[in-house]
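First, one chain by itself in structure tokens, the form predicted on its own.
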């Protein structure tokens, strides 16, 4: 089985043309990393349901990429069920915390690297599974990001995502609250789409939607869990 390309894994922000945008994104997440790491999971039962669902889609023969891994909590839970897992985030601060967690809980299958979700590492067809949790609404260009994630998959591979569909929230939140919070630096730029629009964007990249689920256990769940397969 071929292994993912390792050359692009240097802990540096690539592409000088996009460096300013990437640096702003990285600075935002670096700044909030300690607070992000300390925040409890709001719906633990829903989170555990998602982990169990993803675990069922993994095997010990799979090469797995997680983009937007944050401080690595999910990667640490899922890596034991893979052959090899690379978890990436644009924030060096987040990755530093993830590596500390990995040092305290060593897993030979897992490594962390600094990389932007808009430009996933590895060559075309490098992975059996690509995981994207709570980050597709944060990319600069949804279609471009999905295209690159689809390219990273081998034929028959799965894109497994869970995404806050902001357009399903109260309109006052998406149209008023979020712009105000963004203006004051409290939140990053956020894409507003609903689950159907997200499915359409995934399908535009030639992926076949396998399942659309909601795992929330508290009130209205705007986080769409979508599994999509690359044909072949």
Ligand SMILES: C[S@@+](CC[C@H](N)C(=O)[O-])C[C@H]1O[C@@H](n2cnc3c(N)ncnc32)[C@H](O)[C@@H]1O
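Source: prediction; values computed, not measured. Positions refer to the first chain, counted from 1.
Form predicted in complex with this ligand: not shown, discussed below.
A single residue from the set 126, 135, 102, 142 has any heavy atom within 4.5 angstroms of this ligand in the predicted complex; that residue is 135.
Not one of 195, 216 and 225 is positioned with any heavy atom within 4.5 Å of this ligand in the predicted complex. Although the partner is absent here, residue 150 is not a contact residue: none of its heavy atoms lies within 4.5 angstroms of this ligand in the predicted complex. Although the partner is absent here, residue 76 is not a contact residue: none of its heavy atoms lies within 4.5 angstroms of this ligand in the predicted complex. In the predicted complex, at least one heavy atom of residue 91 sits within 4.5 Å of a heavy atom of this ligand. Proximity of residue 117 to this ligand in the predicted complex falls within the 4.5 Å heavy atom cutoff.
Residues 66, 68, 69, 70 are the ones in 53-79 with at least one heavy atom within 4.5 Å of this ligand in the predicted complex, listed in sequence order.
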